[in-house]
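This document starts with one chain, in the form predicted on its own, laid out as structure tokens.
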């Protein structure tokens, strides 16, 4: 049994359309209702920032701060069984600071594992429809929440990759033939790549342990799985094979890399796809089927987070019930129950299961104000 993690209090100052807001959250299901454009999604965004220090939405950091203000703050009080923890993220126009129990934490990798969240938004259809970079970003954020070593390794990999690409351009422009420095960078890159591959494969294998069962119980369709696609064509982790194959690929395509000033092989080029039996969900499934596939992926993360951290994650669901019919909604709620603290946004309560509402704390959101509804 892992620790139950409850976000008890949430506070934000000069954040998006909120001058100041304080919320006392319930330990089970919390529902925020209101018309579009009132600030419901901003609440989930604040919790997401409290967990991973950055927004899930596109746009520069400066847009998180209210106009004419210099700083936005997001604070949260966590209860982990019988212990309490205060988290804070301060967002300036050109900086960000993180705090645990009022002590500044300078390394993101030391902060990011304190609170784990799993977020679903309507924009998550881009996970299937969008670019490989979006899917890599998803993998990187989710694994980083549960594995401090992964984010450290990924940061080192990206720094070495940038240096290597710059040196390839320098070699090409200046007609340099001495590859000794490039070889050192390549060896360092491969060393980090091996760990990134290892953690990604392990994570996706664990997703596949439960995603098919979850998808079938929600949709009645069998056989959903995710397939990791990499330039080395391997499906199981084998350190020796990966090291040898990556080195060979890079050596064989040296001239191409030199001309393009780019590292063409490695985990920064990888992807993954959703398949229903043998059919690619991106091509053969409806938008509704794609949406359910992503929801199943996110729900399959819950046992992984619990296993790896010993703590339950917080589930954030942004306006997901408006797109799902009543039968699928009820099946979906069977997976949520009181298992993890869940925070839901919706325009109204019409699509909600009555049993679920009995166990929920309900808030009304209007023009940057949040009010708890006392009677349901």
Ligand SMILES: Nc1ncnc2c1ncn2[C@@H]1O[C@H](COP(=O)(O)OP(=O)(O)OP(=O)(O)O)[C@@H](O)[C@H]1O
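As the structure is a prediction and not an experimental result, all values here were calculated from the model. Residue numbers count along the first chain shown, from 1.
Below, we turn to the form predicted in complex with the named molecule, even though it does not appear here.
When contacts are judged by a 4.5 Å heavy atom cut-off, residue 42 counts as touching the named molecule in the predicted bound form. Taking the partner from the other structure, the named molecule in the predicted bound form has no heavy atom within 4.5 Å of any heavy atom of residue 322.
Using a 4.5 angstroms threshold between heavy atoms, residue 38 counts as touching the named molecule in the predicted bound form. The closest non-hydrogen atom of residue 361 lies beyond 4.5 Å of the named molecule in the predicted bound form. Between 46-54, 328-336, 61-69, 303-311, the stretch whose residues reach within 4.5 angstroms of the named molecule in the predicted bound form through a non-hydrogen atom is 61-69. Along 12-32, a non-hydrogen atom within 4.5 Å of the named molecule in the predicted bound form is carried by 16, 17, in order along the sequence.
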